[in-house]
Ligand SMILES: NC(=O)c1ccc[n+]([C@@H]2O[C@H](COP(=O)([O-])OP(=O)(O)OC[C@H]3O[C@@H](n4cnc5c(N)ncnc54)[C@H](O)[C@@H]3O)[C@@H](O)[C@H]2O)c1
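One chain comes next, on its own, written out as structure tokens in the form predicted alone.
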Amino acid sequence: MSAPTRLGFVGVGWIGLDRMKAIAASGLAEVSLVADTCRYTAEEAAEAVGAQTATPEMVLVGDVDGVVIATPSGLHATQAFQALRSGKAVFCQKPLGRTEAECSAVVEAAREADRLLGVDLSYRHLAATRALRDVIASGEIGEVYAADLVFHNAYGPDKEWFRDPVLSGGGCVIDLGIHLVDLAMWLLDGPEVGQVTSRLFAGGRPVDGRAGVVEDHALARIDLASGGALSLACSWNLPAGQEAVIGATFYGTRGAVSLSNVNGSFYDFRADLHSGTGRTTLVEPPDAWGGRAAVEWTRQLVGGKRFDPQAQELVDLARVLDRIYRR
């Protein structure tokens, strides 16, 4: 019998812990090492799955087959690069890097090491977004020429590092808007991007290069080489009248499809097909999707999958974000 696939976790705050529990529950791999800057957090997480605690460095270069990274964003690229160069597969929280350059370096490291690289772009794994992709790919709504995407959060991040541009790489765009850009690129099968324009605000005032400030509200337009256009809006601490407003509508020449959160929920989504004034529901909650990306990465790792050339999509995504940030 072959030895089980062994995983190490670096960062087990709420999202790292959630992904660790999802992988452990899948039974696909063994959680072997756990590291966190808070010793108590690491010990509690390790105890929950029967793992050992270690330092982040020990996990990144230790005797494991893969590493799951859920640390502050500014550490992602460096830690992912180190793990890959040590021969480990990597699953990282978004963003993979703060800039296109950082993401490109990590993807190249994965290519050279021939190791599986995944990023927790979790909204790809909703049943509702899968339904949208099927409809768009089928041609049922015709050629998509416009899309409106929003992610407004009535709360803001509860960790100070989110508001430090060095540690975070940006504000609500790199935290929430990244999901919108990724969904649009993924649902439309990687369209060529033309002009990108944006307006970024912090505290109701344009950011305009203010040192040490990250945006809490952003508007962006992405023009596609096909002639189509995407409109994006995202924010923290918006008085939205509910916990969150999350949605994406894609307009085609023969109809439209939409994704929307239900009753302000961060977790419950529906998908609808629109034709004139008519609407047909494609997917409704419940849908336990939170850990699906991590479990799917684990399944691929256990199955022997190595570097996937589709990882280039991570660089393409970062390039669009850089253009929204005008850098």
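Numbers for residues come from their place in the sequence shown, where the first is 1. Computed from a prediction, not measured in an experiment: that's the story for all the values here.
Beyond what is shown, the protein has a form predicted in complex with the named molecule; the following relates to that form.
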- prompt: Thinking of Y155, A184 and Y325 as the candidate spot, does the named molecule come within 4.5 Å of a heavy atom on all of them in the predicted bound form?
  reply: no
- request: Consider R124 of the chain shown here, and say whether it contacts the named molecule in the predicted bound form, taking contact as heavy atoms within 4.5 Å.
  value: no
task: Report yes if any heavy atom of F162 sits within 4.5 Å of a heavy atom of the named molecule in the predicted bound form; otherwise report no.
output: yes
- prompt: Is there any non-hydrogen atom of H76 lying within 4.5 Å of the named molecule in the predicted bound form?
  reply: yes
- prompt: Is there any non-hydrogen atom of A51 lying within 4.5 Å of the named molecule in the predicted bound form?
  reply: no
query: Exactly one of R115, R133, H179, H217 has a non-hydrogen atom within 4.5 Å of the named molecule in the predicted bound form; which residue is it?
result: H179
field: Interface stretch in the predicted bound form with the named molecule - options 138-146, 185-193, 88-96, 105-113, non-hydrogen atom within 4.5 Å
entry: 88-96
message: Residue by residue through 8-29, which ones have a non-hydrogen atom no more than 4.5 angstroms from the named molecule in the predicted bound form?
response: V10, G11, V12, G13, W14, I15, G16, R19
